[in-house]
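Starting off, we have a lone chain in the form predicted alone, written out as structure tokens.
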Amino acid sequence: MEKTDWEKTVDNLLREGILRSPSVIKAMLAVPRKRFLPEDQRAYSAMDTPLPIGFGQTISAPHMVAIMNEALRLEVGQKVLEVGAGSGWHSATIAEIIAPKDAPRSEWGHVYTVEIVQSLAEIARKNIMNEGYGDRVTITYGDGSKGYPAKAPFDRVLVTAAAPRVPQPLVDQLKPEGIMLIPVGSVLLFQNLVKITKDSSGALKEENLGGVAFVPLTGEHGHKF
């Protein structure tokens, strides 16, 4: 049987060495990006580039979601905070890893994602429900730059918009032995993907994973316009 365009995209990421972990590969195949795109963008869903989803926001390129999910070292049972739900695709891929259907429900992890654009939060919630992740992903409308104190602390924190600096509330809500990924830099250029690891004593280690291009983080600890 001939492979779909999406399967070919995943194959390319494998050949390039971006996708490596069986659980991340499985999640990418199980959650095609097409289902989380507006109708007028679905024909381009397999292209490895960001795409507009309305409200001045974008859905990440497949290679970027793969890079971030690999770097997060996701495991079954973890509690994950995502800042910037977008249309819900990235959180759905994470849910497939930390709460797979073939694991006992009692061992499932959960994704909490905060979206500052109310209309987009509603779209993401609908997409998540339609794709069967409503029991593993909670979408909240609010200022994600302040984190989500009601469910803190988190094993992993993922930020999908570029911040001027690392927001302290997100660091505070990261568990010891936790990992955070956040793009840091200016509004349009000179952003780096920063990986922050907190050790058992609370000490932080920062690693630069390279240049990226994300929409700006807004809110109390985001860019001001």
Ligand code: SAM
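Numbers for residues come from their place in the sequence shown, where the first is 1. All of these numbers come straight from a predicted model, not from anything done at the bench.
Just so it is clear, the following notes concern the form predicted together with this ligand, a form of the same protein that is not shown.
- Taking non-hydrogen atoms only, Leu174 never approaches this ligand to within 4.5 angstroms in the predicted complex.
- Among heavy atoms of Leu13, none comes within 4.5 Å of this ligand in the predicted complex.
- The closest heavy atom approach of Asp143 to this ligand in the predicted complex falls within 4.5 Å.
- None of the heavy atoms of Asn69 is located within 4.5 Å of this ligand in the predicted complex.
- The stretch among 5-13, 213-221, 200-208, 19-27 whose residues place heavy atoms within 4.5 Å of this ligand in the predicted complex is 213-221.
- Contact here is defined as any heavy atom lying within 4.5 Å of this ligand in the predicted complex, and by that definition each of Thr58, Glu82 and Trp89 is a contact residue.
- In the predicted complex, this ligand lies within 4.5 angstroms of at least one heavy atom of each of the following residues of 95-122: Val114, Glu115, Ile116, Val117, Leu120, in sequence order.
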